[in-house]
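Next up: a single chain in structure tokens, the form predicted on its own.
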Amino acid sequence: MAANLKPGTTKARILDTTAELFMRYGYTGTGLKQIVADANAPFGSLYHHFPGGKQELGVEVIHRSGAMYLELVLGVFDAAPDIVTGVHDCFAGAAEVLRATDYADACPIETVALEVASTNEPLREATAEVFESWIEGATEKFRAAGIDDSTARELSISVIALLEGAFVLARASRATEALDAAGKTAAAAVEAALRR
């Protein structure tokens, strides 16, 4: 599986480079020549590793990036003293990344999903699978904190929707106000669910 690739291999460089380019330019704005040039890879290696071309590469990038983001977010939750702080820390961390990258590095899953939801079924399915894995991961964390099953899933969907929507607003406004506001709303919703 791609997530287990040895760092620095040609395939890993292509995947990492493509993920970075998707964050900045989206799927349609990222060209194959740009990918291999930025990855310092021979053009033929792209089709060697991804015989299905850009679409196959895109699907693998979405799955790989999605798994990495899930691991990152679960790590933030685990490092926090409680689940409410963990939710707040996810939004604060996202805001910091956007500021540090001059609002260029957002979520590649959301960026691609916005572009391809009605035009590319394999990529739409890949983004939907990743979002579902995030919902399941957050749901498990909320359950472990004592929130009932149905509320935990609804809360997970809401928190992820708040985060992804705030990314769009923050990039457009070039300010983190949306992430700050969405983070407060998400943390308050988790706190309220814990009190029930």
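Quantities reported herein were computed from a predicted structural model and do not represent experimental measurements. Don't overthink the numbering: it's just position in the shown sequence, from 1.
If you look for the form predicted in complex with the DNA, you will not find it shown, but the lines that follow are about it.
A.B. asks: Quick one: of 158, 151, 45, 133, which gets a non-hydrogen atom within 4.5 angstroms of the DNA in the model of the complex?
C.D. replies: It is 45.
A.B. asks: Could you tell me if all three of 88, 139 and 185 have a heavy atom no more than 4.5 Å from the DNA in the model of the complex?
C.D. replies: No, the whole trio is out of contact, none within 4.5 Å by any heavy atom.
A.B. asks: Among 58-66, 141-149, 26-34, 166-174, which stretch has residues with heavy atoms no more than 4.5 Å from the DNA in the model of the complex?
C.D. replies: In short, 26-34.
A.B. asks: Judged by heavy atom distances of 4.5 Å or less, which residues of 103-129 approach the DNA in the model of the complex?
C.D. replies: Counting only heavy atoms within 4.5 Å of the DNA in the model of the complex, no residue of 103-129 makes contact.
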